[in-house]
Structure formats: structure tokens, C-alpha cells
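The data below hold one chain only, encoded as C-alpha cells and taken in the form predicted on its own.
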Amino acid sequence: MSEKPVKGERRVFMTGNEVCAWAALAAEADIMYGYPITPQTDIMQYWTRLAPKYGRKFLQTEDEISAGFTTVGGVIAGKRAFSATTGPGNTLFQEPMSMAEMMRIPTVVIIPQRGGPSTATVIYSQQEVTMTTYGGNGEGFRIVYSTAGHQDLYDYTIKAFNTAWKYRFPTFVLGDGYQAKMREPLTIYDPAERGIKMVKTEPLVGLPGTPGIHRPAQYLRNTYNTEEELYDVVMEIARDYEKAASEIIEWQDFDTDAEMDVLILAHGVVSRSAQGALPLLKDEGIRAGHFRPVTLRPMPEEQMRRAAAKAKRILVVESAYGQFLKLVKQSLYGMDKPIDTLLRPGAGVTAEEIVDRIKEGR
């Protein structure tokens, strides 16, 4: 192994895509598979510049479906493999990621969201939430971290590899086009020096010994012959997922300790605007709090419900037309709380716009 790419801790100023490449290096990723699509392409470009210096590899495939399946193949071979895509590429990734769910392949994919539907814009949105959390055919047994800034991108890209390999579920780092292209300061670090031990990878095929005698048998299947057989397999995956959920969920809350006039629910980069709105609302005499789910799948439902119980009403803010709202309604089902919305598909949201929307609804 070549020398470590990151030693100690240092402050840097770089784009979100650069951050993802450096984080994957720090996480000891072996190889990236990918196909170019804006605004993700820079992750590939930065990786290909950095990887050879540290003994890592890259393979550009002929399309996104191939990128997804080669990532699955790299993981099966025991490599700490990952990919990145966005928009229409994320759509194509759902087939290999559905297979990864069924076969419990610990893949890692970084998604800097762009506008939709279809090709749409290459700039920014939060319109890939539904696809990333519940994409593909099946039940959506996957882990999705929604990042709000560059420090999140670094921290959760590293964490994604450990989460994926520990729990054996496909894991996504959800960002956006703003984060991908803008620069901001953050601290990069060697995970080992912070006590973060990377979960050991191992090949899932070609292991020594006789299956069932010298080691447990591997059943890497994604096709089943009968309804009963499929039912048993899916229910076993569901039990494992629900058992792990309490260990995986993450969230942040702000000013939610006391009774609130309004609770702002937002995720990702929009949560930064929500945080910025809190002091402005305080100046207006409005008691407001903010709850930010870091994991969108699994969702921190109990924690969100506790925060919502202290509020007179709720405002859901997102740069999509209700994709996050659906997850919120599912989480708060049965609670008698009025829900207002500020939905701006494919467009940014400012703190001032949040304040104006709350004042309108008073």
C-alpha cells in the first residue's frame, strides 16, 4: 500500500466533488467504476488524478448500467469499490442496486442530484429522493445519507463504506449540484487518527475451503423460483434491515427543546437555509425549530415525531415537488398536525423565503 493520502488533519478549500474523491481515498477505497454525467463527472476526474499516486484504480465503463454492475462485481471480488452518478444515470443504476439489495452486496454510490424529470438541468435539485430511497423493484432496503455541506460529504463518504460493509446494504451519499461545484472550507483527516477503523472487506466468492464444511455457504442469488421462496428471503432481509435501522439512523435538531409555533422540516443543503431562518423568525417573535433527518432511509421517525409533537404546525421545505413531503407524511402518520409546504422543484431556497412562507401561514 502506498503512503496515506491524508495525514493528520488540515483545513482545505475545495469543491464538493473534490471532497468526495479525497474522502474515498481516505476511506481506503480500492477502485472507482463510473461513467461521466454532470455534475458528477468531476468526482471521476479528481479520482483519476489522485488514485494512481496512492495505488488505487479506476475503470470507465460504457454506460451507467455497466458502472453499477461493475461496482457490484468489484465488491463481490472483495474490493472497497464505489461509483458516482446523478439524474438519468441514477435511474439506470437502479437495476444493479436492486440486485445489490437482494444479494446483500455492500455497494457505495455518491449522488450529487440534478434537476428532473429526464435530462432537465445539470445544476441542482432534491428531485432524486424518491428514486434513491425507494428506487428499483423491491422494498428499498438501502441506506441513504443526505448531506448538507462539504464536511458532511467528507464524513459520510467515509462512513458509507463502513455502513455498507457492516450491514451489507447498498449505501448512498446524497448531495446536490450546488455542493458538487461550489467551494467551501472543511477539515479533512485520516480516519484512523480519529479512531475510525475501516470495516474489513472480503471477497464473497472464491473463498478457500468447502462451503458448508470449512465455512458457511454463500447464496448469492437474485432470482427465485417460487413465491414462497422469495417471500422467505425478502422477510429475512426485512428483519435484518429493521434490526439495523436503530443503529443507522442519524438526525439533527435545532431549538426543538421547548414548545414551538412552527417546526421546519428540511434535509440536505436546504436545511442550511432552515437553520438560517431560525434567528430571523426569533426576531419576528415566532418560536421556530428545525429538524433535519441525516438518514432519509431509514428515516428517524420516532425522533421526528417527538419534535413534531412540540409544534403547533409544521413546514416542509424542499427543492422538489413533495418527494421529501411523502417521507414526512409517512413518518408522522396519525399525528394531528397541520402541514404547510414550501416546494421549489429544481430551485434553491433561501432563509428569507422560509420566513416569508411561515409569516403567510400565521
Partner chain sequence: MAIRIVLAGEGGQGVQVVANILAESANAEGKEVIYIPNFGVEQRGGVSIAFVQIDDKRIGSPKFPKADIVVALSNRAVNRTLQYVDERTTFIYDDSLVAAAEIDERAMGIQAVEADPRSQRTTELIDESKVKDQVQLPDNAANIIGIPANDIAKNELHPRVFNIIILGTLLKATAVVPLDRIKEAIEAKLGAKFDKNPALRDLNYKALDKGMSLVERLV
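Because the structure is predicted, anything quoted here is derived from the model rather than measured. Positions refer to the first chain, counted from 1.
Beyond what is shown, the protein has a form predicted in complex with its partner chain; the following relates to that form.
- For the options Arg221, Lys282, Arg239, Arg183, the residue carrying a heavy atom within 4.5 angstroms of its partner chain in the predicted complex is Arg183.
- Between its partner chain and the residues Ala81, Leu263, Leu174, Val269, the one pair within 4.5 Å by heavy atoms in the predicted complex involves Val269.
- Its partner chain is not shown here, and in the predicted complex it never comes within 4.5 Å of any heavy atom of Ala192.
- Among heavy atoms of Thr119, some come within 4.5 Å of its partner chain in the predicted complex.
- Under a 4.5 angstroms non-hydrogen atom cutoff, its partner chain in the predicted complex has Thr38 among its neighbouring residues.
- Contact check for Ile123: a non-hydrogen atom falls within 4.5 Å of its partner chain in the predicted complex.
- Only one segment in the set 272-280, 67-75, 157-165, 212-220 has residues whose heavy atoms sit within 4.5 Å of its partner chain in the predicted complex; it is 272-280.
- Residues Glu9, Ala245 and Glu250 are none of them found to lie within 4.5 Å of its partner chain in the predicted complex, as judged by heavy atom distances.
- Contacts between stretch 97-115 and its partner chain, counted in the predicted complex as any heavy atom lying within 4.5 Å, involve Arg114 alone.
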